[in-house]
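A lone chain, given as structure tokens: the form predicted on its own.
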């Protein structure tokens, strides 16, 4: 009960005051705390998305024996701020042959689905307040959390197709169609790799999958190594990253966002990196134990020091996600771009049969363990 409600009860309040205190309590739990979580989550995700570009450019500079961004601020840390201001101040141009309303709407379709998936991610064990309440590090811990992530993230393709088609140019249209066929080819293996983890964890809820790895005493990357490999390759292709960045590759056909400028182009840019962060966060939850602390009894630590366990869980989650994001950059600096026929062949001929066979093997293993 909140402080207002307790003080009202201690004074022997009237029914009107008690009703007012109860209304305040309901509004705080149903509106106040969820809204605060949303604001904090959006601020954190936008900050990470801004600096994942700096992180990538610095690592690429290290891999390629050069410096990377180092002029704006110490170690170039203010470079994302300068890039954002530059995009914001650039002129917003709409081509004469474009369909203006759809042309302006397409970046929104690409931008918002990339952020909705973060709402169901459980970042740590609940935080304990002095009043005895526990507040979870998740906006909406829904039963079908991972399915919601897959469903929402797949809506981003509408922004890409709409952006290419509404530009009024054939080359962006071809780039958007390539992206659509690429995402279709790799969406199925990606989903099948997630289904294998769902079978291992016995739940669609991300917090339950993390708890199942804690109970098992081992992360699902060990029994699900094949699923992790399929997930890694499919995730890189899903986010149009090297070596699968054909929809926007300079040596290929012109990209779907060629006609965009200013902040509308920035929306596509931010959506790509937001999807990259989301894929890394989901990988940490599914295969690396999420907020679980390696070598530590989380239940005992949480019973003794709940807030310390929560804080350490957030740092562990961030470190595991950063490790997966490092693989994204390492792959970009290492592998050359595939041809388009090679890209589709890998998705349909190689990854899809492997993912199907892996789901069958995991299902048989589950049945054998339940005997």
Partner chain sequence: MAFLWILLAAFIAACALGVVLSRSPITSAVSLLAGFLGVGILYLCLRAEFVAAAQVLVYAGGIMVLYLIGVMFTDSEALRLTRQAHFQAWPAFFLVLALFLWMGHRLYRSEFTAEPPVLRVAVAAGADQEASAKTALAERAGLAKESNPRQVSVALFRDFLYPFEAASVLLTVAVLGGVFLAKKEV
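Numbering follows the first chain given and starts at 1. Computed from a predicted structure; not experimentally measured.
Beyond what is shown, the protein has a form predicted together with its partner chain; the following relates to that form.
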**Item:** its partner chain: the contacting residue among 108, 82, 296, 144 in the predicted complex [heavy atom, 4.5 Å]
**Value:** 144
**Fill in**
Answer key: of 87, 199, 151, 72, within 4.5 Å of its partner chain in the predicted complex (heavy atoms) is 151
**Prompt:** Looking at its partner chain in the predicted complex, is some heavy atom of each of 238, 268 and 287 within 4.5 Å of it?
**Reply:** no
**in the predicted complex, residue 112 touching its partner chain (heavy atom, 4.5 Å)** = no
**Item:** its partner chain contact in the predicted complex: residue 207, any heavy atom under 4.5 Å
**Value:** no
**Prompt:** Does its partner chain come within 4.5 Å of any heavy atom of residue 165 in the predicted complex?
**Reply:** yes
**Request:** Tell me, yes or no, whether residue 99 is in contact with its partner chain in the predicted complex, where a contact means a heavy atom of each within 4.5 Å.
**Result:** yes
**Item:** Proximity to its partner chain in the predicted complex (heavy atom, within 4.5 Å), stretch among 153-161, 119-127, 276-284, 217-225
**Value:** 153-161
**Request:** Could you run down 69-97 and flag each residue that has a heavy atom within 4.5 Å of its partner chain in the predicted complex?
**Result:** none
